[in-house]
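Shown below, as structure tokens, is a lone chain in the form predicted alone; questions about how it binds or moves come after it.
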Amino acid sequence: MDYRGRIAPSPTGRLHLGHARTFWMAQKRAVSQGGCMVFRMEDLDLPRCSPEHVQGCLEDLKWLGLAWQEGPDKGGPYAPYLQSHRTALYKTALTRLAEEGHVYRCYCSRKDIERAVRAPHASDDDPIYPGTCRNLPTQSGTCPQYCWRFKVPAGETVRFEDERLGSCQYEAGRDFGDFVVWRADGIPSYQLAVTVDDHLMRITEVVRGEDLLVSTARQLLLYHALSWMPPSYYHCPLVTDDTGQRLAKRHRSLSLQAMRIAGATPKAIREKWRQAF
């Protein structure tokens, strides 16, 4: 299969330097293999997303010199390229997972989980679900709202070869627990949406930050449950600020918009990245 990569920003604020470098690396790898680049807008968190930030993402990446062949502004064979328009596809995947017994309804609040006796935390600091609702009979919950969780095979080791880091492995139940695939507010989770989209858009390699390594393990379990072939993965090193903290959208001075206003040029930014890799 021909190489197909993707860049997938979330329009909850202006793009910062860390995400921009990951997207630049994704394009670099696609170009080196003569492949296709897909732009997908991950705008599922509608209360935090806005048309202004959607436009800002497009503006920032085009200013930086990135280009793509498919996306919300260009169309393509796997449209729509806005996750908020793809809910029916995620629902189909959830229905299949439910029918095959891979997911269950969870009536617990986050406070319930955090208060659970000896509830540990996963390596990405997400509390590991203690399994309270895992064996409840269907429809037995009294709360009108519930999420859907994926039943991780406790003790199973998830292994994959990362194109940069080499062999990686995580243990289900220790490094992460039963994770949410459909939120109580009716929104599909990142884990489910990304898995469905990367499969249906025929993505062959996912390039993203190494803070998402545990998410890769979770998504590989979804690929297996759905009998889909997963893509390969390349996890980039994270960009940190002067104090060593990972960049986030709260670092407004390091957004591409702020850097552009301050006089930075795309050429200078890209050259600095080339020297780092």
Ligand code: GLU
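Heads up: residue numbers just count along the shown sequence, starting at 1. The structure displayed is predicted, hence computed values, not measured ones.
The form predicted together with the named molecule is left out here; the points below concern that form.
For E42, a non-hydrogen atom is located within 4.5 Å of the named molecule in the model of the complex, even though that partner is not displayed.
Contact check for L212: a heavy atom falls within 4.5 Å of the named molecule in the model of the complex. For the chain shown alone, C106 is not a contact residue for the named molecule in the model of the complex, no non-hydrogen atom being within 4.5 angstroms. In the model of the complex, the named molecule lies within 4.5 Å of some heavy atom of R208. Of the candidate stretches 98-106, 161-169, 190-198, 72-80, only 190-198 contains residues with a heavy atom within 4.5 Å of the named molecule in the model of the complex. For the stretch 5-21, the set of residues having any non-hydrogen atom within 4.5 angstroms of the named molecule in the model of the complex comprises R6, A8, P9, S10, in sequence order.
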